[in-house]
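Only one chain is shown below, in structure tokens, and it's the form predicted on its own.
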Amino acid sequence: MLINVVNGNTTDSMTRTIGAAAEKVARAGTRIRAVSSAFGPPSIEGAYDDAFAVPGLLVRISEGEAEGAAAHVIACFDDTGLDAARALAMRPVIGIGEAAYHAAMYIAHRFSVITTLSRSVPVIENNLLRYGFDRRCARVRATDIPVLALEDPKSGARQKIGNEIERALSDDHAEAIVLGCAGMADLAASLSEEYQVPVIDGVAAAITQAEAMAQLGITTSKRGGYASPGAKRFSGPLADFSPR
């Protein structure tokens, strides 16, 4: 099966990190199409970037549908454009944030989220409320590391994430840690080993859940909220990029 993995930003190096994390957990016979957004911001850090990322992300979802993808994964922890993508696509669309929360609740009573900038905290908290997971999340913690700094070995990002894990375990009484950025995907295994606690990467969680949905043969409901959008004539600078 083909899984269409869309990085919501335009930074190709991060897309390669995401693709590698996806390939590592994918079943034999699963093909990963890891792509950056068609256009938009180089990183998604809060609601402003989130809004500008959605059109380019939807283009990649549309391309994946045309290529016969069995499922799609939105590889942005904010679950950027998730509802819009589900309205567009027939095949299941999994957000890495929602997937990570589900995985955490399978194996722990309480979890904490470690994310990048403080401005991302309200977005994540609102998602937890919307999904009904807020009672199981002890706290959303920010490291105040810019997303693109995760790729810079000199940024000290891993140590800052580790410091917040220590605080989550001692202060929040967290039983599992969810990494709140797709750019942290390659750190999960080593952090879990170091701190002796489950550390969940949303990319890996989303891939396994996407494969399961595809195997079940379930498609996205087209009744109600995820009904296919009506045909409209788009105008303005993005008209040519309309996914319909």
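Note that the coordinates shown come from a computational prediction; the quantities given were computed from them, not determined experimentally. In this text, residue numbers run from 1 along the sequence as written.
Just so it is clear, the following notes concern the form predicted together with a further copy of the same chain, a form of the same protein that is not shown.
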{"item": "Full three-residue contact with a further copy of the same chain in the predicted complex, heavy atom 4.5 Å, for Glu63, Lys154 and Met184", "value": "no"}
{"item": "Contact residue in the predicted complex, from Ala205, Leu179, Ala69, Ala34 (heavy atom within 4.5 Å of a further copy of the same chain)", "value": "Ala205"}
{"item": "Position in contact with a further copy of the same chain when the complex is considered in the predicted complex, options Cys137, Ile161, Ala103, Leu150, heavy atoms within 4.5 Å", "value": "Ala103"}
{"item": "Contact test in the predicted complex: Ile145 vs a further copy of the same chain, heavy atoms, 4.5 Å", "value": "no"}
{"item": "4.5 angstroms heavy atom contact with a further copy of the same chain in the predicted complex for Arg167", "value": "no"}
{"item": "4.5 Å heavy atom contact, Val73 to a further copy of the same chain in the predicted complex", "value": "no"}
{"item": "Partner proximity in the predicted complex: Leu191 to a further copy of the same chain, non-hydrogen atom cutoff 4.5 Å", "value": "no"}
{"item": "In the predicted complex, residues of 16-38 near a further copy of the same chain [heavy atom within 4.5 Å]", "value": "Val25, Ala26, Arg27"}
